[in-house]
Structure formats: C-alpha cells, structure tokens
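Quick heads-up: it's one chain on its own, the form predicted alone, in structure tokens.
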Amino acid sequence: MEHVSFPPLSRFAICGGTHGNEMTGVYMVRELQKKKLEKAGSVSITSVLSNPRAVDVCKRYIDKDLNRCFTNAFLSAPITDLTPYEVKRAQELNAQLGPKGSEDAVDLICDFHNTTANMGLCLIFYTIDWLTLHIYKYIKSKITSVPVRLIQLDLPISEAYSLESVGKHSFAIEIGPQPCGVLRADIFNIAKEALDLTMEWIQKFNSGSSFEGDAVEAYNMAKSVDYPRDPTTGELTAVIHPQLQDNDFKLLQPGDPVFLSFSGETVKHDGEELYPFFVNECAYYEKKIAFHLARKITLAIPSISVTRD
C-alpha cells in the first residue's frame, strides 16, 4: 500500500460521562479538569463531561441515550420544548467539538465508556481510518495486562450515532467489566494507560515519526441477538448460559449453549461461527440485546506520517 500522510493533530478532545453512570470516563475527565490540562506538547486538550445532568444523578441518561443522538438527523433537528435533553446536549457538543463532518471539527476525539461485559479494552471505530488504526496498533503493542481489541462498525458518518463521530478522527474506548456506578482501580488505570499512550503517539506523529504499515485484526459487527422472550408479555424466559457468560470474543460455534431457560432448558447457537461481545451488558436490556455477534477480519494499513508544508 502507498504511504499516506495526514495534517498534524492540533486539537484533541477527551470525553467521559456520555453515560452518566460509567465512572471511568467521568473521573478521567474530572482529573484532567482538576489539573487544568489544556496543552500536551504540540496538541491542545479539551476535556468534556459529556452528560453532566446524568452524571449528577449517576444514571445512564436523563431522557434519551446521548450516545445515540449524533446522527445528522438529530444534530439538525429543530429544538422545541419537547426536545429530549440529550438531543439538546448533542447539538451543544456538536457546536463545541464540530460541526460534524466539517473542517472546523476537532482533529481527534476519544470518548471513554465502561461495559459490564467481560470485554477487556476495546477501541470502537466507524469508517476505516488509517490514522486511528495506527493509534490502536500502538496501544495494543504496549498494553499487555488485558486483551486489546478493535471493533469496527459499518456505518456512514452521517448515520454514526455516537459522540466521537463528531471529530475528524475518532474512536471510543470501551473497557470492562465494571458495574454501573462503580469505579475500579484496575479498570481506571488501564484506561489511563490507553489515554497516555494515545497522547504519546500524537507527539510522535506530530514530531515527524513515520509509522510502518501492517495488518491488524478487527471484529466487524454482524448482528445483534435478543433474549428469548414471552411472546405475550415480552418478559425474559431465559438468561445468558453460564458457558457463554464472561466469554466475550470466544468463537461461538453451532450447537454452543447461549441461553438457559428458567425451566432449565439450554438454547443453542444455530447460526454461522461468529464472535460474541457485549455479552449480558446491563444497559442493553432496554435495547433488547443479549449480545452482539461479529466476524473477525484483517485490515491492511499503510505506513503513515505527518504532512509537512
């Protein structure tokens, strides 16, 4: 692949509290703001507590999941007295960090999230972006205490629904397991290490370092699976099977147990071989998702460096 160059990264936004009960990002941002960190080497830093009202009451959101409010449709919707708080907040954040898809948007956004699923450290991307893939590769090469994985969602930026999609380059960091409303030192420290490595990579990139091309593995979202439910009441009739619980990213083969009914019957996987993730995620019960399934793919990435005038 041909070498690719990008302009320097001059503005980096670090976000947390997009979900008000995911405490790693909340305290990451609070610590940055307490230190009044506005510059790191060649890059200016903006730290944002994304959903302050939800943070204040330690809830995922007030009216609507903020991390589903950054599509072009929501960002351009007229504001009325009936507009959900999170849609208003998404438009405020878009004005501060964007506008989405414009040359005025910040160069890089990283949004910190927690999951109750046993996923280790995951970086989540939308479109294939060579620069952020190199950041992922760098983080993965340095962190050995937990698995570091890449999740890729096939959505055009106009339909990308989460906060980080506002930036020119972007990714979300998803780390767990951590219960909602709880702060764990081990989880926080891994997230902090990932942030420090991201800043370290930016300095290397801006100073003229060239990063060699390579191939990286990614998990490409295929579909979502709901819990078995009573067709009349919609209530659950089964839970995640013990053999699947805590086994995110372990290949799921036809015949493998996925659910255990309350009457003791096992429900088995009957589709193609895929990789489960966000298994039994607490916040996804309301979304009617028991887990996502992904295909493992390999992405070839070119060598990159900063563009020089």
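As the structure is a prediction and not an experimental result, all values here were calculated from the model. Counting begins at 1, following the sequence as shown.
The protein also exists as the form predicted together with a further copy of the same chain; that form is not presented, and the subsequent description refers to it.
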property	result
Partner-contacting position among 160, 199, 236, 190 - heavy atom within 4.5 Å of a further copy of the same chain in the predicted complex	236
Heavy atom within 4.5 Å of a further copy of the same chain in the predicted complex - residue from 53, 269, 30, 64	30
Answer range among 163 to 171, 85 to 93, 68 to 76, 181 to 189 for contact with a further copy of the same chain, defined in the predicted complex as heavy atoms within 4.5 Å	181 to 189
34, 242 and 262 each touching a further copy of the same chain in the predicted complex (heavy atom, 4.5 Å)	yes
4.5 Å heavy atom contact, residue 246 to a further copy of the same chain in the predicted complex	yes
Residue 274 within 4.5 Å of a further copy of the same chain in the predicted complex, heavy atoms	no
Partner contact for residue 116 in the predicted complex: a further copy of the same chain, 4.5 angstroms, heavy atom	yes
is_contact(residue 282, a further copy of the same chain) in the predicted complex, heavy atom dist at most 4.5 Å	yes
